[in-house]
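The chain below stands alone and is given in structure tokens; this is the form predicted alone.
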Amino acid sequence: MNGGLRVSRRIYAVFVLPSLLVYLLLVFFPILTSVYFSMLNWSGIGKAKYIGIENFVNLFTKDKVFWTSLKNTFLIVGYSLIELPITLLVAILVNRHVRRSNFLISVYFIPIIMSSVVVGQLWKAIYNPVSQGGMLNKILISTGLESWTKAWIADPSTAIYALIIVGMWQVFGYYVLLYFTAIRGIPDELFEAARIDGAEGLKADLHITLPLVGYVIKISTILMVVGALKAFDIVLVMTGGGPAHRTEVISSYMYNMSFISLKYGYGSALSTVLVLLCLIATVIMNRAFKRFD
């Protein structure tokens, strides 16, 4: 018996080891390397100077753009969390009331399979001023709301919210599909039994749907929050962090400092902060959703 157990553990180790090595090489080692680079004054080329935690001190005490990027990142996370219950509600309604639901879900899913560059350019065309053919401003003018027209992604007061809408639109169908698939996996017999007991509609959703898709709610929340913390591509394509750093997020600021300003050590400090935020968020959400394990 013990011999068989030892053999089983060796077999498990043989199969796990390749994946573990790949994980260490592609994830863990780069994180450690980034932490090391964050303690250097280095442009990415030539000789580096060790400065300890000076980059982090400057980051938290002197860099106003960092605090703007942190605020914008948390703003994206907050709006992303608002989107999750909406996608769950849409999935429930589509499953219950739409006959050709698979077709509708496929339509919802189209934005997520589009390149972020395509999505960014599409929405830039929508947000453009009227002089550049901006569709949104043309609609506002045609409906008598000319006073509402703006240069949406050039105006510091609206730019970040314009980007948030684009990000929410792009991932909307992905989370609807996750919830829709989980709901479809619930046996019909449970809803029929609930109907006999007088539980239909909202009551059935509260007592059957939500508990049985709890694990998907946990996974989707973690994916949404971590994805929002790492928001980058839409910002880079549409604004590059402008105007005047008002749409900067941690990822875009890290990119600009590392590869545009050639402050690679400082950019590595930003990446270290981002990794810590993702780890903290994952731990908090795992504990919050522990009941669904």
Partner chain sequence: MSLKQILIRGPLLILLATQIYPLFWLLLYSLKTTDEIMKGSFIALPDSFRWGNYAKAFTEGHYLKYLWNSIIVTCITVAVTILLSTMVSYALARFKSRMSQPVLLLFMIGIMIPIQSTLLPLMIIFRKIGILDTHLSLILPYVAFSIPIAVMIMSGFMRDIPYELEESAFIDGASILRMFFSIVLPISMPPVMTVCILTFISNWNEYIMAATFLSSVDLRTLPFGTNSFMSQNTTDYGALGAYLVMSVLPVILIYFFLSEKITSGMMAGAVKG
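Positions refer to the first chain, counted from 1. It should be emphasised that the depicted structure is a prediction, and the values quoted were computed from it without experimental measurement.
The same protein also exists as the form predicted together with the partner chain; that form is not shown, yet it is the one meant from here on.
Using a 4.5 angstroms threshold between heavy atoms, G240 stays clear of the partner chain in the predicted complex. In the predicted complex, the partner chain stays beyond 4.5 Å of every heavy atom belonging to T61. By the criterion of a heavy atom within 4.5 Å, H97 is counted among the residues contacting the partner chain in the predicted complex.
Taking the partner from the other structure, the partner chain in the predicted complex has a heavy atom within 4.5 Å of a heavy atom of K230. Shown here without its partner, the chain carries S80, S147 and S261, none of which come within 4.5 Å of the partner chain in the predicted complex through any heavy atom. Note on contacts: among A154, A194, L104, L84, the single residue with a heavy atom within 4.5 Å of the partner chain in the predicted complex is L104.
Interface residue among L178, A204, V213, I164, judged by heavy atoms within 4.5 Å of the partner chain in the predicted complex: L178. Shown alone, this chain has one stretch from 155-163, 68-76, 204-212, 219-227 that lies within 4.5 Å of the partner chain in the predicted complex by heavy atoms: 219-227. Applying a 4.5 Å heavy atom cutoff to the partner chain in the predicted complex picks out Y264, S268, S271, L274, V275, C278, L279 from 261-280, in order along the sequence.
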